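Quick heads-up: it's one chain on its own, the form predicted alone, in structure tokens.
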Amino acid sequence: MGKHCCSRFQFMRILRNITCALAVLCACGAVLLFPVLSVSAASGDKLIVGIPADRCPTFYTDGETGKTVGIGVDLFRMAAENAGFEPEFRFIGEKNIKEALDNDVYDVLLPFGSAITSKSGKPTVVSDNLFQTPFTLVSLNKRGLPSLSELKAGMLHSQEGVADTVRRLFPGIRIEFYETVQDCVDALRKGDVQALLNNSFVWSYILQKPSYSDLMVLQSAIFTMDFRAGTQDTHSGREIIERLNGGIAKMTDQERQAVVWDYTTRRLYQYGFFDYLYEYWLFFVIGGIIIIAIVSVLIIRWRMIRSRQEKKIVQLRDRDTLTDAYNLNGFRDRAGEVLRNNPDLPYVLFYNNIKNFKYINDSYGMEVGDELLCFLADRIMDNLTDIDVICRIEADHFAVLRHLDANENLGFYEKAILRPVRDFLVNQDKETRVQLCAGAYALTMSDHQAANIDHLLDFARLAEKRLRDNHNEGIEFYNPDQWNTGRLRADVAGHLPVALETGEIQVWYQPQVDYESGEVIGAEALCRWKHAKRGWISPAEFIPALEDSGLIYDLDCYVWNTVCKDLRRWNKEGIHRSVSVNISRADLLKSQSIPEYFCELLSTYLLTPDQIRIEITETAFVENPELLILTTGKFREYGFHVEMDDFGSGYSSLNMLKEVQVDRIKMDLHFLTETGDTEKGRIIVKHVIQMARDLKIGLITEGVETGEQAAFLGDLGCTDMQGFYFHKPMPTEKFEKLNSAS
């Protein structure tokens, strides 16, 4: 058997050498003929040739050059150029040759075994044979097959034209069509077909794929088919075929064999990742196991190291190294656990702060300061049980969660802890007495259930802060009202930027009317806030909160701009209105260039100065008269009308009316409320109206709530009014309708 293999090998080697020699001779001949062919091609007719895609090595795209090549391409190009054509190859977009025949974009199509009809039934004409194409059946190893006339075979959809020829050759054959080669192979492996049919050249390429190693070519089932060009049987089609036949006739067998041999001896199939994975799967598996083992060992070792480190970190995280009390992180966990485990016990949370700790450190050194902290911690721990918790939050700040026994009050804390700590330095013959403040918060049942430790600390801290701010010592209990106010102010201040962006802040208008005519003569711009979570918030709540946090200027700027936008829109509609806007003392302290800012608003929104009236509260004039006099002067210099707001509601100073130039007084009708002597109030109002008239200063009264008040003011000659009797503050849309109606 070895001799047989050797002889066969030598024979194949001799055959290959002979064929290569023929190929070289043909190639040399082609070179000698090149000028002639080039001239012919250059002057030849363009010929659009439709070919199937991805049928290597018969038709395919070269990965390096990007050109369309293959056995069929090269042989047809040779014949076409012999016939004076310049072929242009295009991969057909149709499923098969039969459908492509109905597309007039192609002059010629490849390949045809014989003449067939198109999908629409049009006849075809085919050329002479370019070369013989061997067709081969492929099946699974060791599978017996019936004869071709009784076979159920799988083919590609793109080969339906070839299938017609196969059916004529083998009338009993049954053919199933599939979109891809992989679909064909899957059908064969599942037993849907008995074999696959394709030309031998294509099989020589396809079967290089490692995952197809279970397929075998059935040598006994090889048959040949012609490889022809074809087109519709028309006058022009017959002319093309006749010319091509002339070119085919000029081709020699040696030229044909050289092209076939060239492509069939190449290893065109390129391995992809999955091919390597399939062929060398064992190496991948072993390598993967080794890598996993190494990674597992590293992970186990890393976890051991991490576990040791975490234990050290937990100790550092949960305990204060100086006093051995819990730190804040540890306190949160332990205090929450204690409260959950003892839901029925009353607890008090203390927040302790040494007021003069910095002085003690600076005067006696940090060592003495540390001794004091340790003494404080020890005194507290001596009075705690295992269901109580102590925490050093930072520096000299300590928190204590302590349960109260039956009938126990807070006297124990003063006696057992505060007094000894106060005398710590005195007992060491130092003259300084320790000043210790403790805020206390008594927990409720809901506090036990929620166990929000940071929240509870805030309660106790707030009580301690109030005690410290009042320059007192000892124990101070938390006041819930103070906490609610502080929480609201923090929420309002923190949420303001979002509220301005999302439209929670709204500008409303309260109309100002002429009492005699009932006509709306202006409006005051007011601010309303519909909080996303809290709902409507009273200005009495959010205005002080924003003043305290220094954000009132941001809110007022938003109101001023919104008013100017509305005024511009109304101007475009042909309605000229004037609106009063408020400027607070905080605004003037924030920016002393507010008059210039309003000038920029006029320029930006194309407004006139009479459309914006500047209201400045009476109290602002009293608190900072120099600044107010300067600011008011600038406003009036730029053409704005300035009003003194809330006149009569605060500490009115008649001297201000002499020093400050204002255009109108806005009198608060506080004098006519039910409290106090009503008759005296009427006399004061009467003389304020007369005073304004004598000073030639305009006057408007706000806070008018009854018809009796309005009539009284009207009789005295004050006809400009504002108040709930006429209109409450209203959204912009309602204000616009009101003006339209009036």
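Note that the structure is predicted; figures quoted are calculated from it, not measured. The numbering used is simple: start at 1 and walk along the sequence shown.
The following text describes the form predicted together with a small molecule, which does not appear among the structures shown.
Can you tell me which of 189-197, 581-589, 69-77, 145-153 lies within 4.5 Å of the small molecule in the predicted bound form, counting heavy atoms only? Of the options, only 581-589 has residues within 4.5 Å of the partner.
Three-residue site L526, H670 and V704 fully in contact with the small molecule in the predicted bound form at 4.5 Å by heavy atom: Yes: L526, H670 and V704 each sit within 4.5 Å of the small molecule in the predicted bound form.
Consider the chain as shown here, without its partner, and state which of L551, V181, V348, I543 has a heavy atom within 4.5 Å of the small molecule in the predicted bound form. Here the answer is residue option I543.
Would you mind picking the one in V559, I393, L443, A440 that has a heavy atom within 4.5 Å of the small molecule in the predicted bound form? Of the listed residues, the single hit is V559.
Should E643 be classed as touching the small molecule in the predicted bound form when contacts are defined as heavy atoms within 4.5 Å? Flag for E643 set to no.
4.5 angstroms heavy atom contact with the small molecule in the predicted bound form for P539: Contact with the small molecule, yes.
Heavy atom of E615 within 4.5 Å of the small molecule in the predicted bound form: Result yes; E615 sits at the interface with the small molecule in the predicted bound form.
Examine Q510 and determine whether its closest non-hydrogen atom to the small molecule in the predicted bound form is within 4.5 angstroms. Yes, Q510 lies within 4.5 Å of the small molecule in the predicted bound form.
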